[in-house]
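One chain is shown next in structure tokens, namely the form predicted alone.
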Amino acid sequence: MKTIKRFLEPTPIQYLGKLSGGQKLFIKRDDLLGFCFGGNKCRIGAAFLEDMEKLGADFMVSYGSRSSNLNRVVSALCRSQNIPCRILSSEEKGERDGFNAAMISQMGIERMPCSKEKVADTVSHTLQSLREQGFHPYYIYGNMYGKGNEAAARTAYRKAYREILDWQEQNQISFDAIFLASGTGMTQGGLLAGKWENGGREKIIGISVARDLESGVAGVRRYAGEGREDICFETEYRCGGYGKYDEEIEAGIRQMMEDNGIALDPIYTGKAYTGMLRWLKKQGEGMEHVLFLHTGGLPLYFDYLNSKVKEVRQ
């Protein structure tokens, strides 16, 4: 496997200004990782490829929604490394392909439709079929039920936490909290693992993009490993569930672009950013420095803009 040298690490942390509550807000730009539109899935995808190589596997299998950032990045990483790859894509009524799905198709990566009710069966059949063809397949989530590969996923943001810690030490700034969009729990879990490993003190607060409290905390705990504190997983700002957003989130997206030239999407980063601002108004008294982790998702921003253009034309 060729060495991946396309990332720009460590990603920068920049100051955005002071919030109404007095907190100084910083942003870590993992949207600038430098490979296939960046984002947290660059780090996670690379961790999966490294694990795949260690296990001697030779065929990548990934699963996700049509809008999955992880599927986009995994596809691009595999194409760049000449690794065969198959994407299992959830196909639900009313969903349409966006830029992520289009990029996967443009790269010539096979995309197999898969209903959410039949994921385990589809994964099992796919892995068995590939084995019969002489391949040694690697499924990013582990077994057919999506378990068993937590350690590989954890590695990415356990290491990234060290970047944040190094920046704090170099700049003599201590963050009171790190906020991020939290979905499956891979990124938040990895940050927590890094925090526990390095003796960090800040809160790591995940703003849920879809999951309820019980499943969200379980997901983060699963990827964090053995922890020594409660999981901060905020569910007040889900706005009705995955992919749903309101005028306040849209206003936040516009404001971020107008003030800082930074793109946020309504599914992950825009929702998390707006949720963070609401959380700080309610509970942020006494905090001096806070960090927002920009986890990327630029193609989803383009999907959002495309939808707004269509609304105007109608």
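Note that the structure is predicted; figures quoted are calculated from it, not measured. Start at 1 with the first residue shown and count on from there.
The protein also exists as the form predicted together with a further copy of the same chain; that form is not presented, and the subsequent description refers to it.
Practice prompt. Heavy atom within 4.5 Å of a further copy of the same chain in the predicted bound form: which of L213, M103, C239, M144 fits that? Just give me the one.
Written response: Only one option qualifies, and that one is M103.
Practice prompt. Evaluate R96 for contact with a further copy of the same chain in the predicted bound form, applying a 4.5 angstroms cut-off between non-hydrogen atoms, and reply yes or no.
Written response: So R96 counts as contacting a further copy of the same chain.
Practice prompt. Indicate whether a further copy of the same chain has at least one heavy atom within 4.5 Å of a heavy atom of N306 in the predicted bound form.
Written response: It does: once a further copy of the same chain is placed as it appears in the predicted bound form, N306 has a heavy atom within 4.5 Å of it.
Worksheet item: Using heavy atoms and a 4.5 Å limit, would one call K118 a contact residue for a further copy of the same chain in the predicted bound form?
Response: K118 lies outside the contact set for a further copy of the same chain.
Worksheet entry | Heavy atom of Q283 within 4.5 Å of a further copy of the same chain in the predicted bound form | No - in the predicted bound form, heavy atoms of Q283 and a further copy of the same chain never come within 4.5 Å of each other.
Item to complete: Name the stretch, out of 180-188, 147-155, 131-139, 72-80, where some heavy atom lies within 4.5 Å of a further copy of the same chain in the predicted bound form.
Response: Result of the contact check: 72-80.
Worksheet item: Using a 4.5 Å heavy atom cut-off, are F35, R254 and L298 all in contact with a further copy of the same chain in the predicted bound form?
Response: Yes, the whole candidate spot contacts a further copy of the same chain.
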